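Have a look below at one chain only, the form predicted on its own, in structure tokens format.
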């Protein structure tokens, strides 16, 4: 009987780790990236500086909250020339709009360790509703959230002037995120 109970408990331990409430976010292990298409070719980039405030318990996902603030000047668009261009007035205009932010409004469970967060995304002082599906997995003593969603850059005034042509740079931009946090004990 004890052996059976020990086996059942051992089998449940990974589930318990995945069900743990989230603790402090580990920025050095987290990532906010994007994929755009320039003349049909995918272009990868990322933001190197951001803060995440996260409260999430998979036993009560509806009570989950997240706020992400991104330092827009921390963009890495693949080259020094590209980085210089995208911080300018036609793209992110970081002198006037130094940060972008996401604030969640709801979280719903989708089953199987998958969820969907809805919220308000603000870029260049333009706010739009977005929904992002994400998966939550245990990573040792940590919990990892992985997800992605598509935005329309024109909705935020990103890429103006000669860059407004969607044949040059596509309107759809995929945003990808990985947030790693310690599990609360």
Partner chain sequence: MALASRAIGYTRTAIALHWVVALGIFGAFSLGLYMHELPLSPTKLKLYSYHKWAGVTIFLLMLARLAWRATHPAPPLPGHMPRWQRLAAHSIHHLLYLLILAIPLTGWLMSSAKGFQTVWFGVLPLPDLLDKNKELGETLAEVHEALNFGMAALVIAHVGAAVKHHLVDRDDVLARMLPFLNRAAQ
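Positions refer to the first chain, counted from 1. This is a predicted model, so every value here is computed, not measured.
Omitted from view is the form predicted in complex with its partner chain, to which the following refers.
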| item | value |
| --- | --- |
| Full three-residue contact with its partner chain in the predicted complex, heavy atom 4.5 Å, for 79, 82 and 163 | yes |
| Residue 27: touches its partner chain in the predicted complex, heavy atom cutoff 4.5 angstroms | no |
| Contact label in the predicted complex: residue 171 to its partner chain, heavy atom within 4.5 Å | no |
| Its partner chain contact in the predicted complex: residue 38, any heavy atom under 4.5 Å | yes |
| Its partner chain contact in the predicted complex: residue 43, any heavy atom under 4.5 Å | yes |
| Which of 155-163, 61-69, 124-132, 27-35 lines the interface with its partner chain in the predicted complex (heavy atom within 4.5 Å) | 155-163 |
